[in-house]
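One chain comes next, on its own, written out as structure tokens in the form predicted on its own.
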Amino acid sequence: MQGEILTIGDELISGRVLNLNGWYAAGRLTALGLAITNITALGDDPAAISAALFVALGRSNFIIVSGGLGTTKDDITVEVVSRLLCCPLELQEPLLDHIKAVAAKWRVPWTPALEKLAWLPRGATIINPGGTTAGFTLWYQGKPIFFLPGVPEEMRMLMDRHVIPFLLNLYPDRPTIARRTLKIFGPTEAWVGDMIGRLDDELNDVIIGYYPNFPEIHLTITARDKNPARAEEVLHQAEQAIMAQVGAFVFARDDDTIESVVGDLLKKAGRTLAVAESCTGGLICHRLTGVPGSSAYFERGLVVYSNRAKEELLGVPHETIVTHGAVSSETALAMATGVRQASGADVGLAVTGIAGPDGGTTEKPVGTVYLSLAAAEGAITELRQFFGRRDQIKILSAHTALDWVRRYLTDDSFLHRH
């Protein structure tokens, strides 16, 4: 049940395009209990493609190839495979008729290059023959090879609708994969690794992985067993052990995001939120409103970039800005309380800082950010010193602000810890 993936295209090995097809196929297949041993990115080089496919056929049970099926001169996958496997190219008349019909429907001028799509190696079985996107399958020494387009959207559609069902039917006796992703924010990757290292004796039955996904760390737990109930049980036990070590920093699981978690918490608590942003320029509001249904809890957001905006829209006293500066604890607090009062929201959130690369001073260097949260129970403000590029500082500021709302809604003592 071991397979591998070959992705073809000069754009992949030059770094111009991310290898999304390899990432997607590996993730989908591994989650279904089909092991992927290799992912190989290749340029439009006949010798390299032939060599990689030859090696793959010798060590894998199935192969997925994406890319190089188009109409241009550098789309050479079909010709290379034909020569390597000694399968002469044959014109598929029904496929050619279908291509002509699709071209006419979409008013695409017919050119001889389009006929290239209908020439396939002898023995090929067309994948999705009646659709606007197609691939093909070849069998070689009892092993299926799936040839899919390189366009990510087209490749994913064929993977999900055709290739995956085929493989699941071909390999019914595969282990169940139970997987959990814990999303962590706050500590360093080294700290997470040290904490997990202390659990080596308790985590023998699972595979643990952790990797940075700025500004987060994603920790994956994977359990494999032919008994689905046993796989879930092992996963649950491992998750409980890990949460005991790093749970304070886990803000979401699996596909959840910090903004979706905050939204759920606000809805459950029946509370509304208003945001005042300076250095983040609307990023917090953008993330909050990216969640469907956010109008139920997100009342308003104000980008108060200038001192004048802070004073006119939020009521920040002019003396506060003159005395302490726009980037200060006092101004952040006034922004949070001001946006809460102006909106009538239950929670007011504010952030002001210096994102750089200019504007920093010895006293307040680039990355200086003040956050504030105001609620009926009181208000808190805190200084953070972030590092990185301008975009990274903005992302860190927004993520921290959202995490503050999460912590406020899940920890009754949060306001009293600052």
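Note that the structure is a prediction, hence the values are computed from the model and not measured. All residue numbers refer to positions in the sequence shown, first residue = 1.
Quick note: we don't show the form predicted together with a further copy of the same chain, though the next part is all about it.
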- Among 249-257, 165-173, 135-143, 294-302, which stretch has residues whose heavy atoms lie within 4.5 Å of a further copy of the same chain in the predicted complex? 294-302
- Task: Could you tell me which one of Val366, Leu57, Ile380, Ala26 places a heavy atom within 4.5 Å of a further copy of the same chain in the predicted complex?
- Result: Ala26
- Of His236, His318, Lys268, His286, the only residue with a heavy atom within 4.5 Å of a further copy of the same chain in the predicted complex is His286
- Message: Against a further copy of the same chain in the predicted complex, would Leu53 count as a contact residue? Criterion: heavy atoms within 4.5 Å.
- Response: no
- Message: Would you classify Pro357 as touching a further copy of the same chain in the predicted complex, given a 4.5 Å non-hydrogen atom cut-off?
- Response: yes
- Query: Is there a heavy atom of Val151 no more than 4.5 Å from a heavy atom of a further copy of the same chain in the predicted complex?
  - Reply: yes
- Message: Test of understanding: in the predicted complex, would Thr37 fall inside 4.5 Å of a further copy of the same chain by heavy atoms?
- Response: yes
- Message: If you apply a 4.5 angstroms heavy atom cut-off, which residues in 303-334 are near a further copy of the same chain in the predicted complex?
- Response: Val303, Tyr305, Ser306, Arg308, Ala309, Glu312, Leu313
